[in-house]
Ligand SMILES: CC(C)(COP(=O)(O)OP(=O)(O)OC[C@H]1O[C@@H](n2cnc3c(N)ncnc32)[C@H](O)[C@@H]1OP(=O)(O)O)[C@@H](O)C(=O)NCCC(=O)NCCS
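Single chain ahead, by itself, as structure tokens, in the form predicted alone.
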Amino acid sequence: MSGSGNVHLRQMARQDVAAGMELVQAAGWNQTEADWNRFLDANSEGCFVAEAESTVCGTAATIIYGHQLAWIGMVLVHPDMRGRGIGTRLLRSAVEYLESRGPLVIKLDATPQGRPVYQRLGFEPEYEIERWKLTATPSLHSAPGAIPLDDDKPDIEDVIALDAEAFGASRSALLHSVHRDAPEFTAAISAEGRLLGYTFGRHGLHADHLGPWVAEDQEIARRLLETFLDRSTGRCLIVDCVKAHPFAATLLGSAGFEFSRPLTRMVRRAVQSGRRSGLVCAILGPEFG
């Protein structure tokens, strides 16, 4: 990319997904075309690209969960175009769009490099997240009681209802999409008719990604993690765990994962209430929350 010429912003279109994937690859990220399409399916008018000389050089995408919570993700700028304020312009467009939709709590997950940019736009730290990676899947057997969700097993709607409690907003359409693409990673554990924990997962560009990973206690969490490990065939595995969680990082370390990098969950406007956040061992991913 030459880096010359004026940069203008516009809404993202389906034909821009290929350009978005080029930015993902340039950044070494793990997202796929399916992830871009999830944003466009949910909220195409809230997805933006920056364009210079008819070439996409930056992106930002938004998604709205329910009536209170919105997310900003996929904030990318081509390496040759960084340092020119393009990311800030994209973020401002995303925030302005979301604010036009009403009094939404707006959240995102920031890298250490991005955190100062977000703070200048009114985002404040909420809590810390740690990315953990495993480069070789250990030999494990399916954990008893971790039940794959299909037509003959527990209803996925029960899982999605518990996710709404843990996350603080319903993201039904998104989780249905994740489940359709990788049903082998969707699992649940229940006892006496009560759901105790669940997982979803995705096949990324470079790694299989576990999340969300939600459990009521350490044993449930361990069994769900082992089931994910057993079902994954990826060269690399990724989990974005909540740093303050009492046992998530311990379980990951025991399974051979190693700490990779920090992230910070940041929030703009009011703090949402009604979450059962203590159940969350790991998030869905920084792009989706």
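The structure displayed is predicted, hence computed values, not measured ones. Residues carry their position along the shown sequence, with the first being 1.
This next part talks about the form predicted together with this ligand, which is not shown.
One stretch from 182-190, 127-135, 207-215, 108-116 that, in the predicted complex, holds residues within 4.5 Å of this ligand by heavy atom: Correct option: 108-116.
The unique member of 101, 84, 176, 203 whose heavy atoms fall within 4.5 Å of this ligand in the predicted complex: Looking at the other structure, the residue within range turns out to be 84.
In the predicted complex, the one of 164, 196, 95, 75 near this ligand [non-hydrogen atom within 4.5 angstroms]: It is 75 that has a heavy atom within 4.5 Å of the partner.
Site test, 8, 43 and 71 vs this ligand in the predicted complex, non-hydrogen atom cutoff 4.5 Å: Looking in the predicted complex, the three residues 8, 43 and 71 all stay beyond 4.5 Å of this ligand (heavy atoms).
Contact of residue 172 with this ligand in the predicted complex (heavy atom, 4.5 Å): So residue 172 does not count as contacting this ligand.
Exercise: residue 257 in contact with this ligand in the predicted complex, heavy atom 4.5 Å: No, residue 257 stays farther than 4.5 Å from this ligand in the predicted complex.
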